[in-house]
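Given next, in C-alpha cells, is a single chain: the form predicted alone.
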Amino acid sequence: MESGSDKGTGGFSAMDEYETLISTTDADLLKRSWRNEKAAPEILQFESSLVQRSREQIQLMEETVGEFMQNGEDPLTVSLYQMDIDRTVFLLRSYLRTRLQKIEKFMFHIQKTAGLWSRLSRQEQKFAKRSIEDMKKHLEQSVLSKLPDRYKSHLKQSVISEEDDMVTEPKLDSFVICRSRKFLGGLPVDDSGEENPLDMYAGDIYALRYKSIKPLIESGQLDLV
C-alpha cells in the first residue's frame, strides 16, 4: 500500500529513488567504457567521474535492496534488483581489472610515455610505480647482475641499442572491430592517411587498424566491440 500511495502524494519512496537512479545512462556508459578498454590494444583514459558515480550508485542500490528486504518486498523483485547490482559490479571490476592487466604488461612503455602516464588514475600510477620497482628488482637479482655491464639495462638489449628494444609496446597496427555512433564521411583510414576515404554509417560495424581510428575512439565517435 505504501509504495502505491506515495506516487499520488508527492512522496519519494525507495522504489522511486531506484527507478530515478537506473534511468540515468551511467550503466550504458560503463558498459561502453569496459568494451572499449577490453578491445583497445593500448590503455585508454581513465573514466574517473564515471567510476566514482558507479561506485556511489552501487552503494545506493545496495541500501535500497536492504530497505526492500526489511520492508518485506516481494523476493522476486529483490532478486531482480540484486541482479542489476551484480551486473554493475561485474562491469566495474572487469573495467578496472582490464586496466591493471594492461599496466602490468606495458608498465615501462607507459612510464616513459607522458601521454599514456597521464591517462592513469592516481591509484593506477601508484600501482605502476610499485610494479616497475618490483620488476626491476627481480630482473636485477635473477638475470642482469649475472651479465656483462653492457647488457645490464632492463630497457635495452645492450648499451649500443638506440631504442628501448626490451620494452613491450601495444600493437597499434592491429585490427579492431568498431561501430560508428553517427555518420562519418570521407575518413582517411589507410596507412597513407590520404587515399581511399571511407564513409561510416551509424550502427554499422567495421574492421580497421586501431591507429587509423584512434582519434575517433578517443573523441567518442566510434565504439570498439
Partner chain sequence: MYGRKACQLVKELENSESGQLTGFNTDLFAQVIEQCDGHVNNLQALLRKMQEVGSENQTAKNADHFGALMHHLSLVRNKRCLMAYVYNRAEIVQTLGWTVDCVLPEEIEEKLSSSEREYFKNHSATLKSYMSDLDIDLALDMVPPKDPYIKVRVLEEIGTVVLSDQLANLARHAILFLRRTDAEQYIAQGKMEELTG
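Just so we're on the same page, rigid core means the largest C-alpha set that superposes within 1.5 Å between forms. Quick caveat, the model's predicted, so the values are computed rather than measured. Positions refer to the first chain, counted from 1.
One more form of this protein should be noted, the form predicted in complex with its partner chain, which is absent from this view; the next part is about it.
Shown alone here, Gly115 lies farther than 4.5 Å from its partner chain in the predicted bound form, counting heavy atoms only. Gln123 belongs to the set of residues with a heavy atom inside 4.5 Å of its partner chain in the predicted bound form.
The shortest heavy atom separation between Gly72 and its partner chain in the predicted bound form exceeds 4.5 Å. The closest heavy atom approach of Lys105 to its partner chain in the predicted bound form falls within 4.5 Å. Every residue in the set Ser131, Met135 and Gln141 has a non-hydrogen atom no more than 4.5 Å from its partner chain in the predicted bound form.
Taking its partner chain as positioned in the predicted bound form, the residues of 72-89 that bring a heavy atom within 4.5 Å of it are, in sequence order, Gln82, Met83, Asp86, Arg87, Val89. Residue displacement note: Glu163 has its CA displaced by at least 2 Å between the shown form and the other one (rigid core superposed).
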